[in-house]
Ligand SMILES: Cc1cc2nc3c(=O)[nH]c(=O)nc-3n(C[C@H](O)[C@H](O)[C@H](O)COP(=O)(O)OP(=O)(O)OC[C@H]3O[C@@H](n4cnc5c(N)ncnc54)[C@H](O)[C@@H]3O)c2cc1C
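As a starting point, one isolated chain is supplied in structure tokens, in the form predicted alone.
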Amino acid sequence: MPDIDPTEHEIAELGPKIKDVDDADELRAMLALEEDGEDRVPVKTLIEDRIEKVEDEGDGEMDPETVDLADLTVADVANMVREVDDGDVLRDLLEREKAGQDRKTAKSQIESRIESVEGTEETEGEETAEVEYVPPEEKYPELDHPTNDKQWVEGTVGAEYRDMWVYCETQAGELVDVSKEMLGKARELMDTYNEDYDEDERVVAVLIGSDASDHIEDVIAYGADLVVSHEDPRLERFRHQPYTEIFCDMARAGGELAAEGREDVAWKDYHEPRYTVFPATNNGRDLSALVQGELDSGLASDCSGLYIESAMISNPAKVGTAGDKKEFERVLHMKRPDFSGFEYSTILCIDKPNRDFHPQGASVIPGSFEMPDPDYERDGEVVDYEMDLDEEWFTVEVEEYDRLSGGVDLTGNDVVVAVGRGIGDDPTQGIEQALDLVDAFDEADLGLSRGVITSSYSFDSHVEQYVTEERQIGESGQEVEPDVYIAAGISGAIQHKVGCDESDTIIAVNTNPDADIRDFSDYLIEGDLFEVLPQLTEAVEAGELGAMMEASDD
């Protein structure tokens, strides 16, 4: 007899209970109870999905020689081929993809891995042309090049870069959650990096503010090996120039000075960080762009995935010779939704023959990584970074401001009801009906797609207060993982998907049965949200939502 009898629970409360069951036999016993009892299709589907997931985890990684590519997303394909080193297996995967779904991005991922595994095949007698390097001021003499006047424009080649630096943002005296998430991910990445490359590089936490020293113990507990902090009462509020100047001064410290025996910079004996990671918050987005621009490198913004891997590159501007290929090692792969809104892109910051691009930098969407468990027994080095701050950086004073006492945190709800552009026929009524459904649940709240936030819809005053950016879900908003996520009138672009696809159960309401949201929803109700939402509300109030969700496998 299993510990959980599914016939005693509604599907909404059953989902979070089932996800903690890791015994396939116990799950099959639960399935038998449901079949002999109420025999609810959605409950059986929920249990069967959990059985499949448990058994897949038990079997380990997918076998690329037998896996059905039709069952995999492009991201699944990309993750799988990263572990494949056999060119013949990769070519077989490529042919199977061409004969099946024939997805351009999936084929590109497989072809890129083939190149990475097999390298460049030189053809006898084939001539390659070396790309001539011409400095930009000589190549385009008619153009002004204001960056040439910058103090720190560098044509650095072959300098030493080390460590992953994490900017740890604080707000109202608290270390924000995304800072902890990034530290945990950085710890994981650098532990693997050090093992793979036999190195001893560090996770470096950067703290800047009026209370920087208050957070040192926390950032070490969440994964930092070294903390570099600068504290000044004038830095209570985020300011663009001083925060940028301080971070960049830290990043450039050391190097030759440390080699000369300067004790004040002995903590850093390399040129600049190898990697930098920032939170994709309002302040973090600003700081990341300013810092990476000042350090003359690139930035991948609003990332939801990071990993370090080699990359085979054939771009002549990067390898120096037309028709040639080169494998770059230790490249930070930065995964983010692309501008089409329906696929992921992986951004690389690659050096070229006459120019290094370091640090390789990314900003990370809050909620992209799991919150690590802090270990307050960890030891870490602490540097109280001394720097004179120019008074000109503080010429503008904020004499009065209001601080929001709360805000909208959607992450702690059992249910999130989100609406999108589908409310366009009657925006006020759409919000009203969504709020009615929210009220029918015990722990629920309202979310919005970016399309509603950026629209020119006109709302009546009694619902206008609910249409705010802080309710936005997705790449530039919040990431939520409720038991039930109801998406009404939302098409399902990647930017929205990253904000909700970890939900236990996703119910989509859409007039288009082929909308992209179908691909990652558990249930799709084909219909007008203005008709469906009131029916869902009635079903929830009557305790009959599970019965409404019964549908065919299609």
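C-alpha atoms forming the largest set that superposes within 1.5 Å between two forms make up the rigid core. Position 1 is the first residue in the sequence shown; the rest follow in order. Note that the structure is predicted; figures quoted are calculated from it, not measured.
Unshown form predicted together with the named molecule; subsequent notes refer to it.
Remark: Asp528 counts among the residues lining the named molecule in the predicted complex, judged by a heavy atom distance of 4.5 Å or less. Residue contact check for Ala493: one or more of its heavy atoms lie within 4.5 Å of the named molecule in the predicted complex. A residue is said to contact a partner when one of its heavy atoms sits within 4.5 Å of a partner heavy atom; Ser521 fails this definition for the named molecule in the predicted complex, lying far away. The named molecule in the predicted complex is approached by Ile473, whose closest heavy atom lies within 4.5 angstroms of it.
This chain lacks the partner; the member of Arg91, Arg355, Arg421, Arg103 within 4.5 angstroms of the named molecule in the predicted complex by a non-hydrogen atom is Arg421.
Checked against the named molecule in the predicted complex, the candidates Arg450, Lys268, Lys318, Lys185 yield a single residue with a heavy atom inside 4.5 Å, and that residue is Arg450. Heavy atoms within 4.5 Å of the named molecule in the predicted complex are found in one stretch of 505-513, 43-51, 27-35, 62-70, which is 505-513. Once you line up the core between the shown form and the other one, the Cα of Glu469 ends up 2 Å or more from where it was. After superposition on the rigid core, the Cα atom of Glu199 is displaced by less than 2 Å between the shown form and the other one. Asp302: CA moves less than 2 Å between the shown form and the other one after rigid-core fitting.
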